[in-house]
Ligand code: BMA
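What follows is a single chain, given as structure tokens, in the form predicted on its own.
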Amino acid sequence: MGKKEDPLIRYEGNPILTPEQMPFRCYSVFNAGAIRFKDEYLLLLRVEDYSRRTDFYVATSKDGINFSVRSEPINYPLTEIEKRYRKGHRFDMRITYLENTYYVCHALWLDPGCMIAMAKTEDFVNFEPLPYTSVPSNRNAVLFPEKINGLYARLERPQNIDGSGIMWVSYSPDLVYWGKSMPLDIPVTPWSGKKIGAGTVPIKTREGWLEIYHGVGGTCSTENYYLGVALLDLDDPSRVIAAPRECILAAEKEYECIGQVPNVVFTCGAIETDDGKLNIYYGGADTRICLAQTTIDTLIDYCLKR
């Protein structure tokens, strides 16, 4: 539960997916892409085994809360660059439905550094990689669900040598070549002073693109991950219409504070329910999947009135 004025309310049954609930032995399950697919809620789970290797598994649900997990991972073949540098480390997928195709954007860690990778799928079983679309160091890519001014658009987080970075928007005529990059003029706060990166796929609203993002702020002992929300201009997403200086979710519960990486709330996807709620799926302490709920109108009002 949360206070009445909180913009997000944690689901009382959190966490909704834990390693113990998987149909196989694993170390952690977290940071899931989310989308509606064939009248079901679908999560694309990041699952680590006890060697810390990541695979992606599909979980589906009729109600958006109780999920069944497939026993086999998705089929995502190695690409040429992965073969050259040996198998890379893929993580944190976002899912966008665009022009009758499902696309995933994710980070790919190779020896040269972290880069953005993309693939497309029709069934969430077999995936076809697209040509790689960034050089190191870049991550946290999220593809917009429609073209902007005739170009594909994505949010991303180029990373500085010290690990810091903020959100940028880039454009492409073909989903391969990207440019016209611009940083977002989003406010840097004590909870987001280290990193600011995209979280959910942007949601188109009457007031602008609604983006739920993550921020990282340092404390005397850890770097904590928080969630924030912003409204971006529909024609120029680098222009921030509103971005409250307060975070909308911080790691406070035991399942968010204790785990593989302490004090982390991190989202890769949100789904609007049939009754008008917005389900925000987030990783707790890089160990388990949690759920927070709100509505799109609540977040818009929160942005515009803060």
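On a predicted model such as this, the values are computed, not experimentally measured, just so you know. From 1 onward, residues are counted along the sequence shown.
Here the subject shifts to the form predicted together with this ligand, a form of this protein not shown in this document.
**Q** With a 4.5 Å heavy atom cut-off, would you call Tyr97 a contact of this ligand in the predicted complex?
**A** Looking in the predicted complex, residue contacts with this ligand do not include Tyr97, since no heavy atom lies within 4.5 Å.
**Q** Against this ligand in the predicted complex, would Asp92 count as a contact residue? Criterion: heavy atoms within 4.5 Å.
**A** Yes.
**Q** Is Val261 part of the interface with this ligand in the predicted complex - any heavy atom within 4.5 Å?
**A** Heavy-atom contact with this ligand at 4.5 Å: present for Val261.
**Q** Wondering, does Tyr225 line up within 4.5 Å of this ligand in the predicted complex on heavy atoms?
**A** Yes - in the predicted complex, heavy atoms of Tyr225 and this ligand come within 4.5 Å of each other.
**Q** At 4.5 Å between heavy atoms, only one of the stretches 143-151, 196-204, 167-175, 84-92 reaches this ligand in the predicted complex; which one is it?
**A** Within 4.5 Å of the partner lies stretch 84-92.
**Q** Using a 4.5 Å cut-off on heavy atoms, which residues of 37-62 contact this ligand in the predicted complex?
**A** Going through 37-62 in order - heavy atoms within 4.5 Å of this ligand in the predicted complex - there is one hit, Arg46.
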